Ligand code: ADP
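As a starting point, one isolated chain is supplied in structure tokens, in the form predicted on its own.
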């Protein structure tokens, strides 16, 4: 003897949510064989809809047992129940429960999506079903363009899509006029003759009369079970062909992407506002990192123009820079000893003080630099015109000066040649013998061209009133190890000064320090920009939570026709990720444009690199996953019964 299709033994259902327990079903026992046409009849509140929900695996009994083909549903997981709904049952609802943004064909296809049917196959099958139901000219129409009867036919086609043997019809004519109701009942009779098991829930005895068996329920108990007609003529039911190569994952992904795009398009303004935070965050990362990289490169290049093979000996102990002001032990007598250190190619002293320079009626505050004859070669700074002073000038305290480009521009207007002219520095006249080429700004932002260079002997005697130097620059010979030369200089100066009243700075170390400092500033800018991404992510989460609330009924429909919890979660997560994906792309474009605009308008240097762009885009993608997970999880955990009851 074959197992019954559906069998209930002493099933009860009690709800305990919100207040005192409410018992809806009590001691319900029911057996339904394959191919039956059963009407479950009862007044409103009798428990017939709850019984239907348990039969369709949308709900579980509180006590008793319910088995389908001998399998107790209590032993099944959520995904197994979803598969059972998908492959065994087809639901026809009183309110049709069609998705408003899908066409008739697309609504019909949905159950096959979760079964893994190929797109072309499910579309062809859906079209055939709709044509058989008289909707061949309404395939692309949306629910709002269909009458009530036509919408119910679409609902029937959807119930038949996966070829499930059991059709569950919950008040299928309740929202239709008499003619529409008769058409739907005629279709159900036809499906019964084709071999489907029909279970019809109704309160109307005239509608129940179409069934071959009527089960009456009152106050949660079955009061009668009558067979209207013993002989049932029907054909063997053939399930819909889905193919052996079904790939639910691929089908669900395609459906999720399509639904995500449709949702974004249907809510353009909300989508745009949601994306705005992501766009601002990504654009900020891209633009600020580019500006930071440009500033970093500018600083490094300025330092490098001073020479990467230089050692700077400064007054004052290494950790006590303020003490440099009272250290007077860097004297001209130190220079020959420093020059004798192995690896030292050139040595020049430097003392810098502000001074007033005058030519004619023009005055200008400049940086007066007392230095040696090797200054241009040590700093790779050539003369534009004239010559730099020589060792002879230094030796005989010559009152000669070499000017920078800024000084020449301000003191000698209209292209006047400064060479051979005398300028006053303080009260002393100096002959201009040369002009250095333009060097630009120092790493600290000072104008290096607003300077005047004098022999250190003359400067000390006539301008500064001191013989000692502020610092000494040593250029290391090519191929020599800078750290070794630095150690030799340290040993020499300790021997001469008998204490460490100096500090030696390696230009390579200075570049490394500047590089680290600029990196820190760049990362700080990036961190500030990432905050925008987080804010944008919170906006995505809020909007997705709103979307879940708005689409609760849709979620219930999808679960009823076979969607697993994972399928629902994946769909909403896909929407969140797509928002961030598109926002990330737009943010990259805006960031690139903003960086270029900043460069053009403000003249700042910007350097775009692939890494920040990839990181910013990756963060946007992760933002969609992280902040979309909570709303998606909430959607996946909805109870299908409660979801279907939402308006």
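Numbering follows the first chain given and starts at 1. As the structure is a computational prediction, the values presented were derived from the model and not from experiment.
Another form exists, predicted in complex with the named molecule; not displayed. Remarks below refer to it.
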| item | value |
| --- | --- |
| Which of 609-617, 576-584, 48-56, 27-35 lines the interface with the named molecule in the model of the complex (heavy atom within 4.5 Å) | 48-56 |
| 43, 596, 602, 589 - the one with a heavy atom within 4.5 Å of the named molecule in the model of the complex | 43 |
| 4.5 Å heavy atom contact, residue 22 to the named molecule in the model of the complex | yes |
